[in-house]
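What follows is a pair of forms of the same protein chain, given separately as structure tokens and numbered structure 1 and structure 2.
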Structure 1
């Protein structure tokens, strides 16, 4: 390694600001394909359960309340999720998406990791669970 190269780098570094960003005061823009928190669009869901079947870390539970009136509950366990986006790919109705902006997901309580998505339900006719642990 030549001495001149080192000197060049030293000179450049002397006038350059540190490359470290002062997070959380400076937040870097996320890449367009960043895979953050899972969001569920209840309108299009048909309750096929493919997301539950394909999830490698059993982070999704889908409870079918009534398939005809499209009443479902989706439980999303954030602390199990590996953000692989297989559920997004498996969903044929395109109702799942991984957020680009919601990626600061640390929490102090366990409860904050268990997210329940639900559409407004008038009455509850029957309940059939598709918990991956029971399947």
Structure 2
């Protein structure tokens, strides 16, 4: 690089404001079509497994505990996901979605990349059998 060009760049940068943003302090709005972390709505899921079959990076595992009572576990491997949204497109029940708000996904531990989704099952309290003679 020539010395004259270097002085020209130096003078230009002294007059103009920097183009870079002050990211952690000034956050822009996310784009409408941003693909972030995968979210699972367990209420709509029927356990068909199309999302698992269509995922090209094998980032989703679906374990069917009891299909009749809709008890499933979904394991999402964030470190494998390519955010292609193929699982979202293939889900017929529309229970998968990619969040546009959760996109800062860096972590220090490997365990933070393994997410387990589970449906909250309503537990029916066990009623003790009473003797009709006692009543």
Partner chain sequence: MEKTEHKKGFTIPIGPQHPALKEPGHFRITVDGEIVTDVDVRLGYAHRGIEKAAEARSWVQNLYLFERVCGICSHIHAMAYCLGVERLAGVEAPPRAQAIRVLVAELERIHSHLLWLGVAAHEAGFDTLFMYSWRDRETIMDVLERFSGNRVNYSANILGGVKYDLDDEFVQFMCEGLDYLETRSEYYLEVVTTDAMFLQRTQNIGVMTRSQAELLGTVGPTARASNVHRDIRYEAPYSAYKQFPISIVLDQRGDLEARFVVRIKELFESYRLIRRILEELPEGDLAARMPRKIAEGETVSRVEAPRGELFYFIKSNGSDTPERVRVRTPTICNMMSVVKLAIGHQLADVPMILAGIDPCFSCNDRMFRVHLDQSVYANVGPLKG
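Between two forms, the rigid core is the largest collection of C-alphas that superpose within 1.5 Å. Numbering follows the first chain given and starts at 1. Keep in mind the model is a prediction, meaning the values are calculated, not measured.
One chain, two forms displayed separately, with the form predicted in complex with the partner chain being the first of them, structure 1. Once both forms are overlaid on the rigid core, the distance between the two CA positions of residue 114 between structures 1 and 2 is under 2 angstroms. Shown is the Cα shift of residue 16 between structures 1 and 2 after rigid core superposition, which amounts to 5.3 Å.
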